[in-house]
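Below you'll find only one chain, the form predicted alone, shown as structure tokens.
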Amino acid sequence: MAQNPYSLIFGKEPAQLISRAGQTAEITNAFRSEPPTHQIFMITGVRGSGKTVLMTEVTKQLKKDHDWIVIELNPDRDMLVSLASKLSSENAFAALFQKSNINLSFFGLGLEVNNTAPITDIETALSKMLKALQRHGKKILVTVDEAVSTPAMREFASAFQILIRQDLPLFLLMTGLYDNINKLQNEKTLTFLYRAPKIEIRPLNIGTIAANYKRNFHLNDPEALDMAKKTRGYSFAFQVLGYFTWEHGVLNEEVLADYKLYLEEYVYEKIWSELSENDRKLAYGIASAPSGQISEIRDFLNIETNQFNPYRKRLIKKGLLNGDTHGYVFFTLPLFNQFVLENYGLYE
């Protein structure tokens, strides 16, 4: 039997990939412009929506140009020192820094330059390193997957703001959940992040998913479309439903049971645990009103519009609700309606 082309692993680029070409182009074109129109983008979306995959697509495109250097950083470590370390670990760059009399021995990076005092401030060191790279036409993209408001992340963001004001070729691409990005933006010293463009991950195109399933499972058009609709365009669901259908050889009740269980155990339970009590109450009202009509939801919960709207907006920003149709809201995630009904009040 051929290897299953679908993946259940978060964050890893799957073999069956539905490209987000438009969003990839939006980021890469902005970074490549002369001068760049933006030097930072933040990718937000619900868990499993494909944030990391989009970031990977962007880095792959930029790596095709040898002038781009892509550095991945961990927000739980000293990001400034990590950036200097990763740049200086490249032999060609190390030689360049030594020629530029950049002595990094103070930071334990092994780059000592005779008759030159070591630099003791990491921001100064990075500024000099970036200027040396800039003279050779290099551009540096830093990527941070699942950014959170750690001390290291806040320190790096503050330094990034200073470095780009010096017209240095430093770029930043971050992914993160809405709450984590929002908390980072709310830091008093990081208000510039409010002006940074966000890419909000939207559902995948149902027709494209149907074409993929039709090709891989030899379905007719109605069968493929029906299968695709079960995912609601949710990236992780596309992979999970494809994976279990491939394993069983056919889409049947057993596959659908595995599909539901996997989504719940690996995504929905975590999402549910992160919602506030009022968020859950609103979600329960939405799940209890099959029509999705806001007036029906408010009547069910016995709340006024001014009470409903803040939570509605927050769930939309979290990526859990679709509010595109005036007067209606619907969950973006497949089977989440049923999950909410089964779990609301269970442990309260």
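Each residue number is its position in the shown sequence, starting from 1. Keep in mind that what you see is a predicted model, and the values were worked out from it rather than measured.
Not pictured, yet referred to below: the form predicted in complex with a small molecule.
Legend entry - Segment assignment from 232-240, 99-107, 128-136, 149-157: heavy atom within 4.5 Å of the small molecule in the predicted complex: Result for this chain: 232-240.
Legend entry - Touches the small molecule in the predicted complex: Ile9 (any heavy atom, 4.5 Å): Yes, Ile9 sits close enough to the small molecule in the predicted complex that at least one of its heavy atoms falls within 4.5 Å.
Inset, instruction - Using a 4.5 Å heavy atom cut-off, state whether Met79 contacts the small molecule in the predicted complex. - result: So Met79 does not count as contacting the small molecule.
Legend entry - Contact label in the predicted complex: Leu251 to the small molecule, heavy atom within 4.5 Å: Residue-level check for Leu251: no, no contact with the small molecule.
Inset, instruction - Examine Gln293 and determine whether its closest non-hydrogen atom to the small molecule in the predicted complex is within 4.5 angstroms. - result: It does not: once the small molecule is placed as it appears in the predicted complex, Gln293 has no heavy atom within 4.5 Å of it.
Legend entry - Contact assignment for the small molecule in the predicted complex, among Arg298, Lys317, Arg32, Arg47, heavy atom within 4.5 Å: Flagged contact: Arg47.
Inset, instruction - Just give me the single entry in Val142, Ala84, Ala228, Leu204 that has a non-hydrogen atom within 4.5 angstroms of the small molecule in the predicted complex. - result: Filtering the options by heavy-atom distance leaves Leu204.
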